[in-house]
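The chain that follows stands alone, in the form predicted on its own, written as structure tokens.
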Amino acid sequence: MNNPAVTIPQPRDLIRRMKDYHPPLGNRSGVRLDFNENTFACSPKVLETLARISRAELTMYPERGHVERIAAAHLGLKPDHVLLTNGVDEAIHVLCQTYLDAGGEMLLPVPTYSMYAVYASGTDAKLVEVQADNAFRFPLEALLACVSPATKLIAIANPNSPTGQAVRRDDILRVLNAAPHAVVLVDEAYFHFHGQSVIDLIGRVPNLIVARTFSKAYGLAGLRLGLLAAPEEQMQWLRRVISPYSVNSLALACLPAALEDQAYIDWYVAEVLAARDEFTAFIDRLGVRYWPSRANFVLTYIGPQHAAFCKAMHQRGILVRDRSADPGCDGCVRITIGTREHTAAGAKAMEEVLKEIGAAE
């Protein structure tokens, strides 16, 4: 099979140039403080729903329209403004395929969620990255300076990952006003831990699209369920691009139950916020540098021994995420905040590991 005379199919040059992304999954036994998931469980109402699903129901293609109406009502939106997706990753992919073409540009404040750049690299558009400062503040003025007639898509994660920083509503409005010819995606994956949103502007601001996920607070990461909220004039094109069956029947069956159990979400969010306060107070006492977070994680500075730190934490049954490869994040490790019990276990291991390997200088 190594005969050079044998011709085999080759992908497009664009795919050869596309960014490669392999999440560090594999053996994830232990306390999961690495992927910003719900560390406890989904609502018990979701499990009750799964138990009631019949074999016959699994033989049919999924229909998301009626569940989109339920999700829209929950968010105070019109049904035509809501599109359910196979996680926010599919939502980002659909946006890039819809709006990015040759001669266009995507503006991306960095560091941020990796999949924006991955999916943008699968188009003929140019990716323009705008670096945040050392405090990881939203680079508003630098971003506005990059807006041009070529700008087609701007992605803003709010709160941002891996930094946990939030973007002020007024700053988002300035971006929307500065680029009326471009779609501005505001990714609110961590909304529940931040409590502030611009989703109320959907339908009133023609270039705003908002993403939400059910992988974080709701604990449904395994079902792969996300949401795009967009004005009707944009939604018609998104629906044309997305697969009609990309959201599976199990996810669609479970979402109404998850949305209905507001008491569970309120409990889990309160648990995370309390754990976040306890954790930041703890690492303050340890003298570990970190960035204030509005999400369910904290970005810490470990320093040159970041890889050894992550390995030693894993050996103690605590998974954390090395973010040193992200722009401006050398030496940084992101630690998910879960329940107080799980976060306390992470804090205990962290203290032991820092004593073992030495604190950052």
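Residues carry their position along the shown sequence, with the first being 1. Keep in mind it's a predicted model, so treat the numbers as computed, not measured.
Just so it is clear, the following notes concern the form predicted in complex with a small molecule, a form of the same protein that is not shown.
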- Though only this chain appears here, would V247 touch the small molecule in the predicted bound form if you measure heavy atom gaps against 4.5 Å? no
- Query: S215 near the small molecule in the predicted bound form, any heavy atom under 4.5 Å?
  - Reply: yes
- With the partner left out of view, is K152 within 4.5 angstroms of the small molecule in the predicted bound form by any non-hydrogen atom? no
- According to a 4.5 angstroms non-hydrogen atom cut-off, is R276 in contact with the small molecule in the predicted bound form? no
- Of the listed stretches (98 to 106, 67 to 75, 183 to 191, 281 to 289), which one has a non-hydrogen atom within 4.5 Å of the small molecule in the predicted bound form? 183 to 191
- Query: Of the residues I202, A120, A157, C254, which one places a heavy atom within 4.5 Å of the small molecule in the predicted bound form?
  - Reply: A157
- Query: Of the options D261, D89, D80, E129, which one has a non-hydrogen atom that comes within 4.5 Å of the small molecule in the predicted bound form?
  - Reply: D89
- Are all three of Y113, S161 and L225 close to the small molecule in the predicted bound form, meaning a heavy atom of each within 4.5 Å? yes
